[in-house]
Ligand SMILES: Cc1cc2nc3c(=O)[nH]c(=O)nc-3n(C[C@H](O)[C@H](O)[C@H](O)COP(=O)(O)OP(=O)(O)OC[C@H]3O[C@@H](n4cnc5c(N)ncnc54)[C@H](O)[C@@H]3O)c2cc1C
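Take a look at this one chain, the form predicted on its own, written out in structure tokens.
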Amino acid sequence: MSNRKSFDAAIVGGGPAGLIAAILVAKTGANTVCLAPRPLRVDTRTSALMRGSLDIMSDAGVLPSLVEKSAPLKTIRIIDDSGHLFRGPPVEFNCSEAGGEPFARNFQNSDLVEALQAKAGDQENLTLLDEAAAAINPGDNVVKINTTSNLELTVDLVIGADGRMSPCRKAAGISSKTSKLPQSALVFNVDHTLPHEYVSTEFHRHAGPLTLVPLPGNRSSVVWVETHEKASDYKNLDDIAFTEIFGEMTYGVLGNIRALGPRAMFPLSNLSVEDAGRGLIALVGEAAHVVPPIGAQGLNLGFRDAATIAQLIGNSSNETNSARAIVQDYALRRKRDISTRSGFVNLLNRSLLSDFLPVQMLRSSGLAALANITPLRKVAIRAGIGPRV
């Protein structure tokens, strides 16, 4: 590549949302570049991708290589372990209620990124660069990007998949609002003696959810939300003491813990943006929204972001739709989905943290309704699976 190069579209960011966006945009025929620096460390987390996201992965041609490395989620179980005066009954959703196909599949993030990088490298219209953007300068008709190796890129449209601190968002002049939550998430994997039977179990506790998500074999990924202080204390326990507390918290549903993976701790926060796109820059993934890890909404939202912007690019023509019009349409289309799902996740999280009795009563009544009212169950299942873009 010469020091200067022009492209139809540039994706800034090499996480799952950025890579899937790059693949889908390149498949439209757009001359595409993706600035995707290799991660400095292996991501030990997992992602449960719902049916809508699995369809998007299938469209990108990346799903077949990952099926055997993932585990299906055939049942979703919610247990109210909040300790509140008013507690709801256990709720179970089985995939037989929704056509028999699993609700989702759970992937190791490292496997997901590796497969997406391999597929991106095979795309005819996609240039994959192992470097970051050093400067992003929007103009009236194009955006100039200088990379860390001093390449000068001129692009018609930029897709910012560069995380919650997003330089693309700053370059577009889009304001964001961040609120820190009084919680941190402990994330780790476990090998256990009892089969999970492809059941994802969410213990809704006062400090936040503790979620067990199936992995292949007798393995599960865990997202355990606690207060900052307790999360830090638990993270620093030795394996024996930690395993004992974890077994008590999960009522032994996984049996004995045979192996415990490394524990990572992440302080939780929310992030919302004024718009998901402005001018010649569209935002996807955590550049556009950050929510607590409840109901596996975060990356699923990011995949729908990616599919939507790619669809709009594919449907456009130079004569009828400018890049500026595409970004404006994208921001309008994504607004409702992002705000609705972010709002629901935050409402559920606040209901767990609340000591206000009327809030606890409403929450327990809602769980009872989900357990017993068939039409409401169907609505919840459709919403949880995720819409098809």
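Since the model is a prediction, treat every value here as computed from it, not as a measurement. One-based numbering along the sequence shown.
Below: the form predicted in complex with this ligand, not depicted.
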- Message: Within 4.5 Å, heavy atoms only, which of S176, N109, T154, N270 is in contact with this ligand in the model of the complex?
- Response: N109
- Of the residues D275, E226, D80, E286, which one places a heavy atom within 4.5 Å of this ligand in the model of the complex? E286
- Note on the structure: In contact with this ligand in the model of the complex (heavy atoms, 4.5 Å), from 155-163, 306-314, 197-205, 235-243, is stretch 155-163
- Three residues, T127, P138 and I281; all within 4.5 Å of this ligand in the model of the complex via heavy atoms? no
- Message: Just checking whether A132 would be counted as a contact of this ligand in the model of the complex - the rule being heavy atoms within 4.5 angstroms.
- Response: yes
- Report whether the minimum heavy atom distance between V33 and this ligand in the model of the complex is within 4.5 Å. no
- Touches this ligand in the model of the complex: S70 (any heavy atom, 4.5 Å): no
- Interface membership of R341, this ligand in the model of the complex, 4.5 Å heavy atom rule: no
- Restricting to 19-33, the residues within 4.5 Å of this ligand in the model of the complex through any heavy atom are none
